[in-house]
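Shown next as structure tokens: one chain only, the form predicted alone.
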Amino acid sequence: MPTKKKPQVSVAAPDRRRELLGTAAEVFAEQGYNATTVRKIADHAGMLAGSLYYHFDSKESMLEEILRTFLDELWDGYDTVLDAGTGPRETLEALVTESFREIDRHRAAVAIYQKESKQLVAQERFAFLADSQRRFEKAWLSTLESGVAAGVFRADLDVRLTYRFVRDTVWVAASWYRPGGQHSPEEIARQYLSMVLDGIAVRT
């Protein structure tokens, strides 16, 4: 009597999951979280809405994984920079460069974060966004304050204002940057830093 074959788990499942999350991220970024339905994501992925539930139990789960993946990778890069023990200027340059690299890797997630985070933090499952924001602010402010104290950045620098300017002008790049374009993330960071640092560095 023939035996039943055991169901096979597709080795492509993790890749398919990443592909679906990438599609969901693009839809969330373009249409907004509230306006996006599971059906819309499924339509863009070329599948039935019911099939999408095989991979994720809700659109909230998809969004959480998209944002957690982005922030986990961002902090892996930031922590490497902050633990390197370089001077304030070198640290600032490395943080900016790492930020542009993350925009290159997770452009849609960055756009979602910028548009939706203020509303999402009110939900318990997205409380990690507020925690990350506090870490982010501390890392950048401490780097700028160290630069002022060391005489690398101007003594009259308004550190908090500078932080907000750098933060906003870097991350807004997600609205126009497209991976594979004419300039690499490193080249964009280099040109950006040449403009910013001429304004905040001590004049010699």
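Quick note: we count residues from 1 along the sequence shown, nothing fancier. Everything numeric here is computed off the predicted structure, so don't read it as measured data.
Omitted from view is the form predicted in complex with another copy of the chain, to which the following refers.
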Q. Taking another copy of the chain in the model of the complex as the reference, which of Ala139, Ile66, Val38, Val166 has a non-hydrogen atom within 4.5 Å?
A. Val166
Q: Spell it out for me: taking another copy of the chain in the model of the complex, does every residue among Ala29, Lys118 and Leu161 have a heavy atom no farther than 4.5 Å from it?
A: yes
Q | another copy of the chain contact at His55 in the model of the complex, heavy atom, 4.5 Å | A | no
(Q) Given that another copy of the chain is not shown alongside this chain, does Leu48 nevertheless sit within 4.5 Å of it in the model of the complex, heavy atom to heavy atom? (A) yes
Q) So in the model of the complex, does any heavy atom of Arg154 sit within 4.5 Å of another copy of the chain? A) yes
**Q.** Contact flag, Arg16 vs another copy of the chain in the model of the complex, heavy atom cut 4.5 Å
**A.** no
Q | Contacts with another copy of the chain in the model of the complex - residues in 65 to 98 whose heavy atoms fall within 4.5 Å | A | Arg89, Leu92
